[in-house]
Structure formats: structure tokens, C-alpha cells
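Form predicted alone, single chain, as C-alpha cells, below.
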């Protein structure tokens, strides 16, 4: 690997220039006007795979946005196969006025690269392409068989991904999946995520009268749907964050004492965490630590609520409808479909008779806990230690990467979550960034991982 490592270090400036080009493509999957940008980004990514040395790379259509697929056989056919997953779509950049630099004009400030998608997930995805190019350019034998699947719908629910995996299970067959879409604990504190929470995302509609009414004429005699929805939402949790939906906790896999001890070893600065979040105190289940609450416990949050008149000025209206979007982070063994059903039943039961309630399940995914002692995770741990100079800490992640459970269910393979972002990268928010030293050390980490997992490192 020495020649490949030297090549990666010598070509950092060019790698950064290419990453900036990647980030300048506004591949926002949730906004229809960006569909041409999505297609342009997929073609750009395919071309970069071919340029890196992949003998096969193509853009494959789906019912939604296209998937970029590539494959590269190892120098020796009996080597294990890894399936690299990433996503080239990004979150919408709004609110634009809160960005310090334009979201699709990548800007380096100090050691950080600011742009939408810098850390989530274009920068992390591109690490793998540059690591593989470093092998090809130095005639270093590829120690594993490599397949890549890069989707364009992760930020909009990945509706096309699971059908694609089902339809192409033979094509995607591998020994392990490798995903870089998480973060480490700090620039000099590597970590490996071994557990992810699942997700249920719902939209609730509450309907009262069949049209908006004058609040002076009808107020006090007709139930306001917004008032009704607010009272219903208030009954979903108690004041400490315990969720009141009957049966919600029935399938929750409890934390073992070993896991709680492991999570307690995660470096955590409460005051720094509060500052990062922009709050003065924490909140939630008092019997669990902040680390446990944000990574290994289920949650319920209202993500949006609307209805009636919300434009400037006054309008004395009693609205016909009220809406809310509600997400619940789930833990193994909670199933998103079951939680959606329980939530719908509870909201329907507590709704006043004067309103009608409809619950739409928008999307969801299963949580998962991985074996910390698998050969792939051991190889990843050694690789981080080589690149960062210390062994990584094992953590659980509060977010959701549904494809991890899909790979396990459909392909029968576990995943390695090799993240290189940082907790303060502001993903999904204005001024998203990627710490460039992590980009470069990420390439080195991937090279070591390929070597260790392929069994060629002496």
C-alpha cells in the first residue's frame, strides 16, 4: 500500500478540485426542478468511476432517480467482495440567507470545505473513489473485489432503492457492505458506529368543518382543528419525553449493561454539546444519559405543524384543516410499520368526535446493531488506527441509514460504517462543511481497510 498512500498524498490538491466540482452540482432530490441536476450528477459520478480505473460503471434507471453502479474485480478471484454504498443527492439548501457562503459554490475556510453535501454524503462517498484510483494509478493489486452502488434518493426516502436491490440481488452479491455516511467523535478521535436507529415518518391531517369559518361567528361552538391537533400532540409524550402510545415500547431491545458501559466510555463534554445544539439545558428520559438518549433510545418529534392563516397581518379564521409531520426514531427490534399502525390507532382514539383524523406513513426504516467483533469491523478498526494513530471508539448513532437493514434483509450481509464527518459539520443545515484533514485521512483509512480485509497486509 505504500505507493498508493504516497500517490494519495501527492494528489490532494487535484482530489480537492474534483470534490469541489462534485459539490457544485445541485443534486437536490426532493425538488423536481433539480431533476436535470440529479441526472447530470449521476453521469459525472459514472465518468469519475471509469476514470479511477473501474472497468465497468453505468447509470441505471429506476422509477425515481438513477443509481450509479460500478464493479472492479480483484487481482485474485478468490478475494472477498465489498459493496460500497453512498448517495450523491443532497438536502435542499434553504434557508439561503443563513449561509455564509453560497451552498453550491464550494469554499475552503481554514481546514474546512463549506458546501451543501460536503459531509452528507458527497465528500465521504468520494473518499472511496480516490482510494481506488490511488491503487490503479500505482499498479497496486486490488486486494478485494469491489462493487459500488450510489443512489440519488437518500434524502427523499430512497423509494427506488429497495426495489432495485431486490431486482439486482445477484448483481449486488457481496461479503460485506461499506458505508461512509456517519461521523467520528473528533478530528483526532476516530470512532466506528455499530448501531443505528430506525425511523417512522408520518403526516397527520385533522379535518373539522368542510370549509374555513369566521372565528367570530363560529368560534366557541365549532372545534378548531388546530386546537384539537395541538391537544392530541401534547398527549403523545409526558413531560420527560416518555412516549404514551400504547405498545410503543413493547419491542424495544433493552440496553445491556455491557453496552451501557461501552457507551459511557464515549468521550462526551456536556457543556460543549449544549453549545453546539444552541440550548442551555438538555431534556428527555432522566433514567438515561444524553449519549444513550441520542443514540440508543426511541424518540418522537413533531417536525412541522401548519394550518389556517399564516401570512402577514390578521385574518380571523377558524380553519377547516390542520396538519403535522411527526417522526419517530426507533431501536431494534421496533418495526416502522408496526409503530405507524400503533400511532394511527392512538391518534384516532384520542381525537375529539368533532374532527376526522387521517395518518399517512411517508417512509421508514429498521434500526440495526452490528457485531463489533466481525472480521470486517476488526479490519476497519485496524485501518483507523493506522491512519489516525489510535484505535477507534465504538458508538451507536442516533440517525437512520435504512439501507443497512435492507442489505441485511435482502442480501444477507452486514455493513461497516466507516464515517469521516464530524459532529459539528451541520449536515441538513446551512453552512454544512467537511473537515479536509478527515477527507485525506479517510482515503488512507480506506486503503488500509481494503488491504486488511483482503488479507494481504503483512
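Residue numbers count along the first chain shown, from 1. From a predicted model like this one, the values you see are computed outputs, not experimental measurements.
A second form of this protein, the form predicted together with a small molecule, is not displayed here; the remarks below concern that form.
- Contact with the small molecule in the predicted complex, defined as a heavy atom within 4.5 Å, is made by all three of 199, 397 and 401.
- When the small molecule is considered in the predicted complex, residue 427 lines it closely, a heavy atom lying within 4.5 Å.
- Among residues of the shown chain, residue 87 is one whose heavy atoms approach the small molecule to within 4.5 Å in the predicted complex.
- The small molecule in the predicted complex is approached by residue 363, whose closest heavy atom lies within 4.5 angstroms of it.
- Among heavy atoms of residue 297, none comes within 4.5 Å of the small molecule in the predicted complex.
- Heavy atoms within 4.5 Å of the small molecule in the predicted complex are found in exactly one of 49-57, 401-409, 33-41, 66-74, that being 401-409.
- Checking 289, 140, 224, 182 against the small molecule in the predicted complex, a heavy atom within 4.5 Å turns up for just one residue: 182.
- Among the residues 321, 147, 79, 329, the one placing a heavy atom within 4.5 Å of the small molecule in the predicted complex is 329.
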